[in-house]
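There is one chain below, alone, in C-alpha cells, taken in the form predicted alone.
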C-alpha cells in the first residue's frame, strides 16, 4: 500500500486482508472504515485497521458517551489531576495526595470469572501506580443474579477467588465495596474494581511522551497472544446466548510479575528517571503508545523486533493488539536509559527499548525493518468518532399502590436481615487480605466506608463504592443522583469529608434509544448531585454492551468517593460502641416502599418511584457528620430504619432500646421504607448534636439509648436478640 508518507507493508493477514467487509473483523462500521481511508488517503493496512478498530471501539474511545460526560463537573480545590489520565489525583494535607480510579471488567468476568476479575484488579492497580502512587486499597462493586441460581453462584465464587488471588498476592488490601443480587444481572454480571494509592503531590507522573529522541521502554511481562480483540470485540459488543467462545479474548494475570512491575515503576519514579508512564491495558501496545504520544503532542516510532515475546511466530498484528497483562510503557531521558534499565533488571522485570519519541505527531511501526503502520497519532485518539446516539427519555415513574399493611414486624425483620442484598458479606471479605500494609483503620463489616491511615501523619482517607441498579432502573435520574449521595454519605459516616469521586457506568447497548435515554438521564442526575454536594468527578469508565441477545443489565452507576479523615483517631464505625449513648436519627422519619428491598421481597419485584434526594438536606447532613461529636454513624439504606438499627447492634458491642416515631401512615413504610438522607448515630452529647442539626437544617430525633447485651428493643413493637449476623453462606449451597 502506498500512503502520503511512503510504503506501508501489509502485515500478516488476520482475517481482514481479503475480507470484502474488513471493518466487521475489527468492530468498525462501513462509514467508519470510509472515514479512515479518507483520512489516510488510502486503504489502511490490516495492522492499521486492527489498531484503529481497537482505539475506535466503544471501550477505548467512549464514542457514544463522550458528548454526555462533558456535563459532569471535574474541577475542585482538591483536584490535582482530573479526567484523561491513568487515574484522578486529589490533594491531602502535608503535601500528600491520593490517586483514585474505578474500572469495569464485566465482559471478561462473564466469560471467565476468575481471570476476568483477577486481571480487573491488576489493571486498576497499574492505573494507580502509573501516576507514581503506591496502591493502598482495592474495593469491588459486584452485581449478580440471585445467589440461589447455579450460574450466579459459579460466577460469584470465581470472581471473589480472582479478586482475592490477585489482591492478596500483590500485597494490596481489599477493604470494601458493594455486592448486589438482582434478576437484572441474570445474563451479564458486573465486576467493577476501584483502587486508591498514596503519592506526593509534587511527584505526580503523567502518561505522556515528551522529548523527541527519548527512548521508549517496555517493561514487565512478555507479550503473548492473550486478550487480542479484548477491547474491540469482547468489551464493545453484546453477547450472544453463549459467550464461551470468547475465552481467548480474556487476559491472564500474574500478580507476582505485577508486584515486580509495581516496585520497578515506583523506584524509577522516586529516582526521577521517568518522564512518562502508561499502562498497557485495553488495546495493549497500541493504546499505550498512541495515548502517551497524543497527551504529549508528540509522535512515536516502534520497532516490534525488540518486543520480548513468550510465544513463537507472533505477527505484528498480534504484538500490537495483545492485551497481555503486567506491562508498562515508559519514557525516559536518553541519558537515563541505562539507569532505568538497571533498575528494572534488579527487580527481575523484562525490559526492552522498543522505540523512540518523535516530533511529527505520527505513529510508525516497523517489523524486520519494514514499515507496517504509519498514521497520525490523532487519528487513533482525538479523531475517533463521537456520536450523539438517538435517546428516548425515560418516563418519570409513578408511585406504586402497595397492598395491605403488615404488622408481623419480627418476621419481616428476620427475613430482611437474611436477604441476599442485606445480609453480611463476610463470606466475601474473609477471602481478602484487608490488613496487609497494616494501615486499614476501619475494616470490612465495621463501617459504612473503609478508612486507610497515611502512616506518619494524623490523617487518613475514607473510601466508599456504591450504586443501585434497582433504583436506577426505576428512575435513571434519581438512581444516579442517589448513588453519588449515598457514596458521599457513607464516607461522611466514617468521619470523612468527601473530596472527589470516580465512577463506572454500566449500561446495555448505546445503539438502543431506550438504553441511551436512561444513560443520558443518569448523567444528568449524577452531574446535578455532584455539583450540589461540591464533589468533582476525577475520571472513570463507561461500560456499554452489557447485554445478551437484547436483554440489557439494569443500568448501574457505580460511584467511588474518597474523603479526608482529618484526625484518624476520630474515625467511626457503624456499630454502637458502648452503653449509655443517645441513639438518634438524622433526616426524615419515614421512607418510601417504592424500590425498597421490602417491596421486592414481599411483592416479588421493586416498582414505582423511589424517593429522590433532597440536595439541601444532603449538604447539611454531610456538614453535621463532619462536625458533630459522634461515636458511630450508619447510613439508613436497604431495608429501612428497623434494619438499620439492627445492623448498628450487630456491628457493635451494645444493644439499643428505642421508641420509634408514630407512623403517619403505614407501619411498614416507617419501619422498612427507604429514603435518602437518613443516618442513625450514637453520641454522648445529644444536645450539641441537636443544636448543630438545627443550624444545618437537618431533622434530628432522639430514638433511645444504647444498652447492655445485644438486643434491639423497640417499644410497642418487640424485642429481638441479635447475636449472630446472617451471611451469604445459606444461599451458596
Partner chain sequence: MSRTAVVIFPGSNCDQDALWALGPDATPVWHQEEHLPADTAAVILPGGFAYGDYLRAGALARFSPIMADVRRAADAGMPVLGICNGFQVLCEAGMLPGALARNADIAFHCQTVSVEVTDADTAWTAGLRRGERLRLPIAHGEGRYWAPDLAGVRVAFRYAGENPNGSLESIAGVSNRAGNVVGLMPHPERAASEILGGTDGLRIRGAARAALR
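Numbering follows the first chain given and starts at 1. These numbers were taken from a predicted model, which means no experiment stands behind them.
This next part talks about the form predicted together with its partner chain, which is not shown.
Comparing 199-207, 447-455, 293-301, 94-102 against its partner chain in the predicted bound form, the single stretch with non-hydrogen atoms within 4.5 angstroms of it is 447-455. Note on contacts: among 651, 441, 626, 156, the single residue with a heavy atom within 4.5 Å of its partner chain in the predicted bound form is 441.
Note on the partner interface in the predicted bound form: the residue among 111, 564, 260, 660 having a heavy atom within 4.5 angstroms of its partner chain is 260. In the predicted bound form, residue 387 stays away from its partner chain, with no heavy atom inside 4.5 Å. With a 4.5 Å cutoff on heavy atoms, residue 431 counts as touching its partner chain in the predicted bound form. In the predicted bound form, its partner chain stays beyond 4.5 Å of every heavy atom belonging to residue 181. With a 4.5 Å cutoff on heavy atoms, residue 614 does not count as touching its partner chain in the predicted bound form; it lies far away. Looking at 253-276, the residues that come within 4.5 Å of its partner chain in the predicted bound form, counting any heavy atom, are 254, 255, 256, 259, 260.
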